[in-house]
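One chain is shown next in structure tokens, namely the form predicted on its own.
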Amino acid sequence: MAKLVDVLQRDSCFQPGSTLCAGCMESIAFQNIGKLTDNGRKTIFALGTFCGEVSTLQYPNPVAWGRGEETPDDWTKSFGIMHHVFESAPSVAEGIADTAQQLFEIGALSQQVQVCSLSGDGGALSIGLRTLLHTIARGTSLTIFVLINEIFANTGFQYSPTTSLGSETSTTPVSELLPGNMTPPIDYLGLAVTAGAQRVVQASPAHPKFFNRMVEQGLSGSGTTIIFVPSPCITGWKYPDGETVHLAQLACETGFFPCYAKERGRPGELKFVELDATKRPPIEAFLGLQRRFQHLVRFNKATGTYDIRPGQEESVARIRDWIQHRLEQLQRLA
């Protein structure tokens, strides 16, 4: 695996020009992925519709994907992008990979290419879940990235299958009767493992060495790799734009978004999070930074910490129980 300092010096095919929010985790992830794919092989991306696509590839506005105004002379640094509808990223990537492999086998391509798909959690785990599962089942060699921001951020911040318990969204508003979303999020990690993916990963650029290692393994390995990237959303989660990396680290350390890796047939690993709840940062520290949870916790000026609002103890306890149950499930899968 390449050293982090060497990866940082590579060219990235993700360039300035996007309309993503300043400090958006999707932008950080794209920048890293763009460098990691600069590894001596031609790359082809399949981008489904999600906020990371419409904010970076909206012609005639600036297009953020590219390595300059001219096609690079070095074929391995060139890349292609195919945009398509919400739910089709894995299937389109699969078709690209199969076609490229056939062209390589008959000698029409001198080198094999690496194929990646990019989509949001709404497109991958709601409208496009069957597409994702079919692609995993067929085992095509490609790397699937799913950006998890827990909402349909492209269309109005509505509830999605990954929305956290207690979270306020535009379609799960907080009221006197309901404390936000009452439905536990889908177990997408367990689902992908059970479906038979070669590698199932949850990794955040906030932990760059782990993130880079997981992406490199996916790009260099055979079979289908699916990498879920927790992506705090400044507008949807309602937090200050300078807190993205800190929030992403807390998301892992509190168990909200644990870093996880499982290769089929081998032991998996949980990273940067303790199974013992008493050794993890208090969940209030994560909730309190986001206004989507302000109905559950409040800032205590005297202590400088976040406390549970009176009457919301049961809701926060339910979140804690859900986190512990999921971590124990992931440990058993590992």
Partner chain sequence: MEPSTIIETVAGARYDHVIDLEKVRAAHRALASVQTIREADGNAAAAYASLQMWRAILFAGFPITPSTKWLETVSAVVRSGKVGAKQIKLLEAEHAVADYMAGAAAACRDLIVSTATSSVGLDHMTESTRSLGASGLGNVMLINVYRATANYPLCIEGDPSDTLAHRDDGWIQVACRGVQQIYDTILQLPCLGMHPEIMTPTMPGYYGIKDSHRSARLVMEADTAIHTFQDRWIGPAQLPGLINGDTAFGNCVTSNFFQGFKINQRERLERVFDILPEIGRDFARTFGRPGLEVVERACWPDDDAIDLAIVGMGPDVGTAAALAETESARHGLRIGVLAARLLTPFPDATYRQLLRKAKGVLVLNQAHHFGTGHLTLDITNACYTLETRPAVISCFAGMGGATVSDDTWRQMIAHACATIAKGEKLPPPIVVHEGVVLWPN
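Positions refer to the first chain, counted from 1. Computed from a predicted model, the values in this text were never measured in an experiment. The term rigid core refers to the most C-alpha atoms you can superpose between the two forms while keeping them within 1.5 Å.
A second form of this protein, the form predicted together with its partner chain, is not displayed here; the remarks below concern that form.
Segment that reaches its partner chain in the predicted complex - one of 79-87, 181-189, 253-261, 194-202, heavy atoms within 4.5 Å | Heavy atoms within 4.5 Å of its partner chain in the predicted complex occur in 79-87.
Heavy atom of each of 73, 106 and 134 within 4.5 Å of its partner chain in the predicted complex = Each of the three qualifies.
Any of the heavy atoms of residue 217 lying within 4.5 Å of its partner chain in the predicted complex?
-> Heavy-atom contact with its partner chain at 4.5 Å: absent for residue 217.
Indicate whether its partner chain has at least one heavy atom within 4.5 Å of a heavy atom of residue 42 in the predicted complex.
-> Answer yes; at least one heavy atom of residue 42 falls within 4.5 Å of its partner chain in the predicted complex.
Could you tell me if residue 100 has a non-hydrogen atom within 4.5 Å of its partner chain in the predicted complex?
-> Heavy-atom contact with its partner chain at 4.5 Å: present for residue 100.
Is residue 110 a contact residue for its partner chain in the predicted complex, using a 4.5 Å heavy atom cut-off?
-> Although its partner chain is absent here, residue 110 would touch it in the predicted complex, with heavy atoms inside 4.5 Å.
After fitting the core, residue 70 CA displacement of 2 Å or more between this form and the one not shown = Residue 70: C-alpha displaced by 2 Å or more between this form and the one not shown.
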